[in-house]
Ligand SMILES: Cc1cc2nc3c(=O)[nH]c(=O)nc-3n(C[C@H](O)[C@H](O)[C@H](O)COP(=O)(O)OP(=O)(O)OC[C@H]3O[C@@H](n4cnc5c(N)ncnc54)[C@H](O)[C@@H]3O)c2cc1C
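Given as C-alpha cells, the chain that follows is alone and in the form predicted alone.
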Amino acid sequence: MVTRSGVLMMDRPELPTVKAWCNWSGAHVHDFVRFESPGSIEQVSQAVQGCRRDGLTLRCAGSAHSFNPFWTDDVILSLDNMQGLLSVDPPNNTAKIQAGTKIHKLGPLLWSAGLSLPQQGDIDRQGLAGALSTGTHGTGITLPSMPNSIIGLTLVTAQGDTLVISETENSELLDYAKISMGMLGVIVDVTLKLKPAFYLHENNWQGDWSECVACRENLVASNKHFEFFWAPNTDIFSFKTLNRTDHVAQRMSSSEYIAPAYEVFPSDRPAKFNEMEYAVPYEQGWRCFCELRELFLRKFPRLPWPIEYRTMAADELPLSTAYQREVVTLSVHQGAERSYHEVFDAAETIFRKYGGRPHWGKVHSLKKNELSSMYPQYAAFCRVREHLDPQGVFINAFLAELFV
C-alpha cells in the first residue's frame, strides 16, 4: 500500500494492473488505470495528450478534500510535484503560484515575502487549485470567496495546449475559469491579488440561544470575520471573531490570541467527516438556520457534529454560490464512519426551501435542470466548457450529470 497526496491507494489482487484510490473522508473509492504526478507543464500536457489518444478521462486529485465524486476510474493526476512560488511582486501585492501548492505551505511562503491571502477557509490542507476551483471561502459579509483573488491562471487544455487567461489575455474566459472544478483544463499555475501581510486577533467564547438571537446581527456587522457553530447534542453556540490588528503575535488566553493571518484562519480538524453546505440569501439565512435547529433538535438530538454559520459577500463569478447576492453559508456534518444520508437529506430539503445554492465541493443531490435555474450564467459556462473540451476529457460521470 502506498500513500500519495494524503490519500490511500491499495493494490487490488483481482485487478493486478489497477489500483484503488479514495478521497480524504473515505466516502469515494475509484479504481484507476494510471496515477500520474507530473513535475512540469510539459509533462501535464503529455498526460492529457495520452488520455486523448487512449480515450480516457483525466481528473486532478489535489488533496482530495472534496466530498463529491470528482475523480475518475481512468487517469488521476496529482500536482504534488508542482508546488511553490513562481514569482512575487510585493509592490503590487501579487504572486504567481504553482497550482499544486498546499494552502498550509503557501501561507509561510507569502508571509516571508510580506504578503497574505485576503481570505481563507477554515481548512488549509487543500491544494490551491482545488480550493479555488470549488469556490472555497471563509467568513465575513464584506469578503468574497477565495477565487475572487485570481487575476490570472494557466491551463493545459484538452488538446494538451497551454492557455494563459488573465485580465489582459483571453480575459473573456477568466471569470468562468475561476470556479470551474477542473472542467476547462488542468490549472497549472494561478496569479493572485493579495494583501500586505497582516495579523489577526482571534476571540472564542460560548453562549446560548438567547445570546445568539440578541447579538448575531451586531457581531456580523462589527467584525471582519464572524461565525458560530451550534451542536444539537449540547444546544451550545460556539462563537468566533477574527479581526485585523497592528499588534504583534501574543496569546492572551486559551481562547484569545494574535498571530499571522495564515495561522489564524484555519482550524484544527483531526476527525474525518463528510459535509453538506448551502449558501442562502443573507436575508433568509437566520430563518433557515432556525428551521434547521428545530429539525435537528427533533430528529437528531444526539448528533455531536455542528451546524456552521458563516457569511460571504456577493460577487460576479458565474458559478459562485454568492453570484449577485450576499449569502449566509450553512454547513452540516456527519462523522466519516457513519452514513450521512438521513441527516443530509433532511437538511437539504430546508436549504432548498430557502433558495440555497450548494457548495460545489460538498455533498448535494441536485442535477443540471435544478442547478441551471439557480445560476443565470449556467448555460454560458456550459458552452465555454464544451468549447474548450468537446470530447469530455475532463468530465466524469458525476460532472456529466451536472454540466453536459
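This is a predicted model, so every value here is computed, not measured. Sequential numbering from 1, following the sequence displayed.
Not on display, but discussed next: the form predicted together with the ligand.
Colleague: Using a 4.5 Å heavy atom cut-off, are 70, 131 and 186 all in contact with the ligand in the predicted bound form?
Modeller: Yes, all three are in contact.
Colleague: Please identify, from 246-254, 177-185, 208-216, 106-114, the stretch that has a heavy atom within 4.5 Å of the ligand in the predicted bound form.
Modeller: Contact criterion met by 177-185 only.
Colleague: Given that the ligand is left out here, which of 121, 152, 318, 140 has a heavy atom within 4.5 Å of it in the predicted bound form?
Modeller: Filtering the options by heavy-atom distance leaves 121.
Colleague: In the predicted bound form, does residue 273 come within 4.5 Å of the ligand, counting heavy atoms only?
Modeller: Contact with the ligand, yes.
Colleague: Can you tell me if residue 269 lies within 4.5 angstroms of the ligand in the predicted bound form, counting non-hydrogen atoms only?
Modeller: Yes - in the predicted bound form, heavy atoms of residue 269 and the ligand come within 4.5 Å of each other.
Colleague: Is residue 75 close enough to the ligand in the predicted bound form to count, meaning some heavy atom within 4.5 Å?
Modeller: The answer is no: residue 75 has no heavy atom within 4.5 Å of the ligand.
Colleague: Might residue 34 be said to contact the ligand in the predicted bound form, defining contact as any heavy atom within 4.5 Å?
Modeller: Judged by the heavy-atom cut-off of 4.5 Å, residue 34 is well away from the ligand in the predicted bound form.
Colleague: Using a 4.5 Å cut-off on heavy atoms, what residues in 60-75 are near the ligand in the predicted bound form?
Modeller: Stretch hits, in order: 60, 61, 62, 63, 64, 65, 66, 67, 70, 71.
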